[in-house]
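Below you'll find only one chain, the form predicted alone, shown as structure tokens.
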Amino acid sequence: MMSSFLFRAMDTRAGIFLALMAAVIILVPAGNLLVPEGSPFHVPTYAVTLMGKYLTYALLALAVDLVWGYCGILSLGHAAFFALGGYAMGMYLMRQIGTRGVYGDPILPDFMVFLNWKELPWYWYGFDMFWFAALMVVLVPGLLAFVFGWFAFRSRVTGVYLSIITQALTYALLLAFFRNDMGFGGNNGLTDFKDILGFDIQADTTRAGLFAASGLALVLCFLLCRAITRSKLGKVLVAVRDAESRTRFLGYRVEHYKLFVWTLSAMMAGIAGALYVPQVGIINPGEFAPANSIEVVIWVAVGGRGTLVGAVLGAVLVNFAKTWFTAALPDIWLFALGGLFVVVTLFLPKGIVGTLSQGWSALRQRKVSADYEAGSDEPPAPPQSPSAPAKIHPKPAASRLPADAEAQPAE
């Protein structure tokens, strides 16, 4: 069952992506740990950390592409789920400091001692155990997304109205986490981490391990998203994106499909945030900023909406460009980055991967047409796009499926 589900995720594009990711996951840590520093093939530790951060951004972009590219839900609040996952991991890392903090308190983090807190808040209990923190990384963003989506999708809030509400959600969390009495470090957030799972968080081996973990998480989530989008469920999601009312009239419980993919996407964003925090060494309320969510949407648009691979590519390219522009053009880097977005919007409206895929399909169709005109017996077939509108059939009236069951097209 599971093998057949994952088999759906495999095709040429997915195979190329997995091969590249496998090479990156193996070669980058090896270049850092095994190659001498004087060698031109040595990968410095700061580069490993920087690329690890790019991989977490790619995972966040993948989560946004799943809901926006395939279900039509334009989320401007995914930074909230990313930050919540990061705070869950940050709370675990703070509990690991113990007596090594500035004030030497074995229980309370330094900021609580500074603010004269007398005891640990109840919602910090359990975060001294990694398994509990890992559970909260997916449970807290998933629960928030489920509750939010339950009310929003049942009320049939769509389009720009839903986008505005998601932006309001992350802004509300931003204001809440800025308060010192919330118990999350206020404006300064959580920082000064010492170790993770007993390993020094500043050690080269730990940095390489975090990089590999980020790459592995990206690969697994990519396979999951690919399997979903290529299944019957994925066809219904695309139908919801292209014609929600028609899909509902055919008998599909649209709100259930949207709630499922929305919650799954939030969990993926939480995992990305949890992997981001130990690599950058800090988590603060600035990660909730609505501008961060808008920037993620730009990553997906640049790479190619509704392609999955494009979301990963866009996140890496845009953040690499940001890193390069801030060093090469420190005074005008924002204008250079904005110009890049304008150029992509005007000349690559389908994004990089979407445009390349469209061009490749056109070349294949031209070749097939030429072969047909040269005497082939088979007429040319129209080119297929990975995000083309799905053809679905109404549910059979004779059998009523449970509300939580996947809709099956009629024979």
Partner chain sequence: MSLARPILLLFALIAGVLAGPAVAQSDPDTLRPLINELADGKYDQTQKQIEALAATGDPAVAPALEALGEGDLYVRKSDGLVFITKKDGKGYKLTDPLTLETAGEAGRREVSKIKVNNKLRRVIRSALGSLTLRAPDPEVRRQAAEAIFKAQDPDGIEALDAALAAETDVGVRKVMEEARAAAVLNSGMDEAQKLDAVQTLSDMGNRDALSLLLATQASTEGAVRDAAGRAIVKIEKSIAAWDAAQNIWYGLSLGSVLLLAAIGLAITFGVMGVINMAHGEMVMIGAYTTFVVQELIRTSAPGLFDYSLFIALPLAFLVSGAVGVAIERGVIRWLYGRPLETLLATWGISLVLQQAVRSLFGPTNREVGNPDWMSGAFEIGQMTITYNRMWIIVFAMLVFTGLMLVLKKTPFGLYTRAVTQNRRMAASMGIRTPWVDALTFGLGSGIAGIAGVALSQIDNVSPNLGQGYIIDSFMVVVFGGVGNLWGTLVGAMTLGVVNKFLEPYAGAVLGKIFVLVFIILFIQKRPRGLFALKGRAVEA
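In this text, the rigid core denotes the largest set of C-alpha atoms whose superposition between the two forms falls within 1.5 Å. Note that the coordinates shown come from a computational prediction; the quantities given were computed from them, not determined experimentally. Positions refer to the first chain, counted from 1.
Same protein, other form: the form predicted in complex with the partner chain, not shown, and the subject of what follows.
- Item | the partner chain in the model of the complex: contacting segment from 207-215, 124-132, 273-281, 176-184, heavy atom within 4.5 Å | Only one stretch qualifies here: 176-184.
- request: Give a yes or no on whether every one of 169, 334 and 339 sits within 4.5 angstroms of the partner chain in the model of the complex by heavy atom.
  value: Every residue of the candidate spot has a heavy atom within 4.5 Å of the partner chain in the model of the complex.
Original post:
So which of 115, 203, 165, 143 reaches within 4.5 angstroms of the partner chain in the model of the complex, heavy atom to heavy atom?
Top reply: It is 165 that has a heavy atom within 4.5 Å of the partner.
If the cut-off is 4.5 angstroms on heavy atoms, which of these, 294, 220, 317, 107, is the one near the partner chain in the model of the complex?
After the contact test, the surviving option is 294.
Answer yes if any heavy atom of residue 262 is within 4.5 Å of a heavy atom of the partner chain in the model of the complex; otherwise answer no. Residue-level check for residue 262: no, no contact with the partner chain.
Worksheet item: Going by a heavy atom distance of 4.5 Å, is residue 54 a contact of the partner chain in the model of the complex?
Response: Residue 54 lies outside the contact set for the partner chain.
* Using the partner position in the model of the complex, report whether residue 102 sits within 4.5 Å of the partner chain, counting heavy atoms only. => Result no; residue 102 lies far from the partner chain in the model of the complex.
*asked:* Within 4.5 Å, heavy atoms only: does residue 120 come near the partner chain in the model of the complex?
replied: Contact check for residue 120: no, nothing within 4.5 Å of the partner chain in the model of the complex.
ask   = What residues of 141-161, in sequence order, lie within 4.5 Å of the partner chain in the model of the complex by heavy atom?
value = Residues within 4.5 Å: 148, 151, 152, 155, 157, 159, 160, 161.
### Message
Relative to the superposed rigid core, does residue 34 relocate between this form and the one not shown - that is, does its Cα move 2 Å or more?
### Response
No, its C-alpha moves less than 2 Å.
*With both forms fit on the core, has residue 46 moved 2 Å or more by CA between this form and the one not shown?*
Residue 46 C-alpha, core-superposed: shift of less than 2 Å.
query = Any CA movement of 2 Å or more for residue 360 between this form and the one not shown, core superposed?
reply = No, because once the rigid core is superposed, the C-alpha of residue 360 moves less than 2 Å between this form and the one not shown.
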